[in-house]
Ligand SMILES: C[S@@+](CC[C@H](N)C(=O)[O-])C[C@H]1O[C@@H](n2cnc3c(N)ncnc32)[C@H](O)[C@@H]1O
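Okay, here we've got a single chain as C-alpha cells, the form predicted alone, with questions on binding and movement later.
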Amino acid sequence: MSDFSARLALLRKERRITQSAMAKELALSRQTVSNWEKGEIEPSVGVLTRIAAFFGVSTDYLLGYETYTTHYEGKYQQEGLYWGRKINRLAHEVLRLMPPERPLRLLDVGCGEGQAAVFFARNGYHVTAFDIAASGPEKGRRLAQAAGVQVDFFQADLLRHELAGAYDIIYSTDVLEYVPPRNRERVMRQFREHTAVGGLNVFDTFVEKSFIETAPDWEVGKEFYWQSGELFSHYREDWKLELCEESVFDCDSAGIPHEHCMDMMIARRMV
C-alpha cells in the first residue's frame, strides 16, 4: 500500500464517511475511491488537489512527503501554560505504585510544556522528557529552572526517535493518538523493550465510540483513534496490568463542550 492510499483511507475513516459519501462529494464513483485505497490507481494532480482541500491537508501530506508539524508549536510559544498547572491523575498513580525510594529513571514522551516532567523531578525522579514541538521543551526548561530541579528536555518526533538504555518508568498522556495504526506495534514494542524489569509503562489514549462525535479540535489526518482495549492488548505474558480503565468524560477544549472516551493503563514488567 502506498503512502497515498494509506493516508487517504485513514483520513476518510477519521472523518467517519463511507467511500460512497466521499465519492459523491468529489463527483466521482465509489469504485474510484476504492481503487485509490487499494493502491491500484492514483488520482491526477487536479483531483489530488480537490482531495487535499476536502480533508484540509496538503497534497504533500497525502503523498507522504510532508514531515509532521503540530499546531501546539505556536500555542506553547504564548505566555502562560496552555495546559495549565493541573497534573494528570496517572502521574499521582506513578508516585503511589513506584515511589522514588531509590534513583529511578523516568521518560516523559510528548511532554508538552513540561508540567508533568517537572512534577516528577520535584518528587525525586531522574527525568528525561521530549516533545515534537520545540517550544514545549524550551518552556519546560524554564519551569524546571524556576522549580530548582534538573530535567533533560529535548525536541524529538515520537515516530522517529529511537530510545536508548532502559527506563524504570515510561510515561505518556494525550500523545498516543498521534501514532498511526500502522506504527503502533513498533512504537509500543520499543516502549516495552526499553523498560527495566519491575518498571512501569503509563499511558492513556482516546478511543473511538460510535456515539461520540469527533472533537472540534481533533487534527484530522494527524490524530488517530484507538479501538477499545487496543492499548491493553500490547501487554501480555510478562506484564501485569496495575490499572486498566475506560471512561467517558466531558471536555471543553477549543471552547466547545464535547465528550471523549479514553483508555488508561499502567503496566508493570514482571520479567
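Each residue number is its position in the shown sequence, starting from 1. Please read all numbers here as calculations on a predicted model, not as lab measurements.
What follows is about the form predicted in complex with this ligand, which we do not show.
- In the model of the complex, no residue of the candidate spot (91, 120 and 125) has a heavy atom lying within 4.5 Å of this ligand.
- When you look in the model of the complex, the only residue of 76, 167, 191, 153 with a non-hydrogen atom within 4.5 Å of this ligand is 76.
- Out of the listed residues 81, 175, 147, 163, 175 is the one that sits within 4.5 Å of this ligand in the model of the complex by at least one heavy atom.
- The stretch that touches this ligand in the model of the complex, counting heavy atoms within 4.5 Å, is 105-113, out of 194-202, 105-113, 92-100, 138-146.
- Taking the partner from the other structure, this ligand in the model of the complex has no heavy atom within 4.5 Å of any heavy atom of residue 32.
- In the model of the complex, this ligand sits within 4.5 Å of a heavy atom belonging to residue 70.
- Looking at 124-153, the residues that come within 4.5 Å of this ligand in the model of the complex, counting any heavy atom, are 130, 131, 132, 133.
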